[in-house]
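Next comes just one chain, in structure tokens: the form predicted alone.
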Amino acid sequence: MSEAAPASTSKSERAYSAIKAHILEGDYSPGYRLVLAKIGEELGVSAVPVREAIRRLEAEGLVTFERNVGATVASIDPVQYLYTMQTLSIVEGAATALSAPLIGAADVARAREVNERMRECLKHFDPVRFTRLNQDFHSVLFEHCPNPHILDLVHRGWNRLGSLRSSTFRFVPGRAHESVEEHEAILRLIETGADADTIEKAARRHRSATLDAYLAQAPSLPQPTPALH
């Protein structure tokens, strides 16, 4: 009996990873019904590990369970997205400004290379891939932040966006083109040694512009208060 547990745990973990990946990548959209037998058949496991996986995902807020309906992919909470983006615009702007003096030519080259891949991605737009590249780009700019507390807040913000399955560019694809150009503008500010206040404002405007584009598609959300500079 004790020898069977690891195999069961392994199947449950595999089901959990597979279902979560489908949710985060948008294959299972909000409201998608998670049929245990069907998923189990696709993964080659019984319904038991699938049920265990769905319970874990429910605890994480990615899945909801309703009587007579069953398990479905949870809807994205637009208010939580709003608050997360507001917070990120502040802490990531500060982190980028503090990082700027520590960002070398190799870092700028790496960020620019990622941005070019984002530009290429625009030709056959894939919002999930674009979002991943977007995070890669920004991580180059804020990872040198010497303040560990601010950096921790930035990481928490990005993790929260991940839990919200946030690929804003899926909803406002036109924003992706503007984002790439704004990335280049921020890199030029860093390259030319612009002062911290200028870089922080540019980074915050960049983040806020994405939020504004999303809010324009969801006018019922509470509007953010003007940023203080």
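Here the rigid core means the biggest group of C-alpha atoms that line up within 1.5 Å when the two forms are laid on top of each other. Since we're looking at a predicted model, the values are computed, not measured. The first residue of the shown sequence is 1; numbering continues from there.
Not on display, but discussed next: the form predicted in complex with the DNA.
Within 4.5 Å of some heavy atom of the DNA in the model of the complex lies at least one heavy atom of L34. When the DNA is considered in the model of the complex, V69 lines it closely, a heavy atom lying within 4.5 Å.
Contact annotation: Q217 falls outside 4.5 Å of the DNA in the model of the complex, judged by heavy atom distances. Among residues of the shown chain, S208 is not one whose heavy atoms approach the DNA to within 4.5 Å in the model of the complex. For the options H177, R51, R188, K201, the one in contact with the DNA in the model of the complex, meaning a heavy atom within 4.5 Å, is R51. With the partner omitted here, the residue from A194, L161, V63, V45 that has a non-hydrogen atom within 4.5 angstroms of the DNA in the model of the complex is V45. Of the candidate stretches 97-105, 149-157, 118-126, 69-77, only 69-77 has residues whose heavy atoms lie within 4.5 Å of the DNA in the model of the complex. With the core held fixed between this form and the one not shown, G44 has its Cα displaced by at least 2 Å.
Relative to the superposed rigid core, Q86 undergoes a CA displacement smaller than 2 Å between this form and the one not shown. In the model of the complex, the separation between the C-alpha atoms of F65 and R156 shrinks by 3 Å or more relative to the displayed form.
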